[in-house]
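Only one chain is shown below, in structure tokens, and it's the form predicted on its own.
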Amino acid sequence: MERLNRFLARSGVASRRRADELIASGSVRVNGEVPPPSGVLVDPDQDTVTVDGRAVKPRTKHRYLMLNKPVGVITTAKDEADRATVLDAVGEEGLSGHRLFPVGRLDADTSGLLVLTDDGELAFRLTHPRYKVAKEYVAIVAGSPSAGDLDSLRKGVDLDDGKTAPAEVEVAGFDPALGSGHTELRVVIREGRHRQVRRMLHAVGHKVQSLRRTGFGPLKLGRLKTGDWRVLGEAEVEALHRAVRIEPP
């Protein structure tokens, strides 16, 4: 027996959070009945689970992609304003018949490493604060952060939704091509608040000019070009599972 939202996530329907939304919306049936919004326990071998009338079966093999998301692409499966999404970026070849969804979010104006998968349990844990998965960014900011600014970021800064956890921050360099008054920073956080890196840097007086995610847990963006994607290797998939304490498949 397992919880309905976990079964839906394991079957590649959606992340566990999105599965909760589907259950609450009434789209899910268990043996023809609408389950309570809080969900129920199901027996995958005995119970029939459907979403919008379509039977759900656990996948025997998941798919894992890394995308170097371009600026302007929306991190969602479908956009009501018909803007380009990350699923458009990987196309049918990337989907390869799987119902992929992005793991977490990158703002439209942020580029870089984004994982897409149909492994709902892994996606849930990678984005849950409990597991403190590291997200590494390279930020170009206005001005030159002082030692005090960097120290504040390392201790945590007060935002409107509470104080942040300490971040790893270091000056990566001063690129003359960026023009005077710009600094490149490497920032690592282990939370996932909305536009967190931008807000943290703004809180210490430095507006972000550009932001790119270069690492996610054990993964590194490497030389993957903007707009390109690739299938994760077996060792990378195992490393992601170990990072959130799931026995590798």
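Note that residue numbering begins at 1 and tracks the sequence as displayed. Given the structure is predicted, the values throughout are model-derived calculations rather than measurements.
The protein also exists as the form predicted in complex with ligand URA; that form is not presented, and the subsequent description refers to it.
- Residue in contact with ligand URA in the predicted complex (any heavy atom within 4.5 Å), chosen from R195, R190, R29, K220: R195.
- For the residues E170, D151, D88, D107, the 4.5 Å heavy atom test against ligand URA in the predicted complex is passed only by D107.
- Ligand URA in the predicted complex is approached by L211, whose closest heavy atom lies within 4.5 angstroms of it.
- With ligand URA omitted here, the record of contacts in the predicted complex names 99-107 of 156-164, 125-133, 99-107, 142-150, defined by a heavy atom within 4.5 Å.
- Residues of 130-144 that come within 4.5 Å of ligand URA in the predicted complex, judged by any heavy atom, reduce to Y137 alone.
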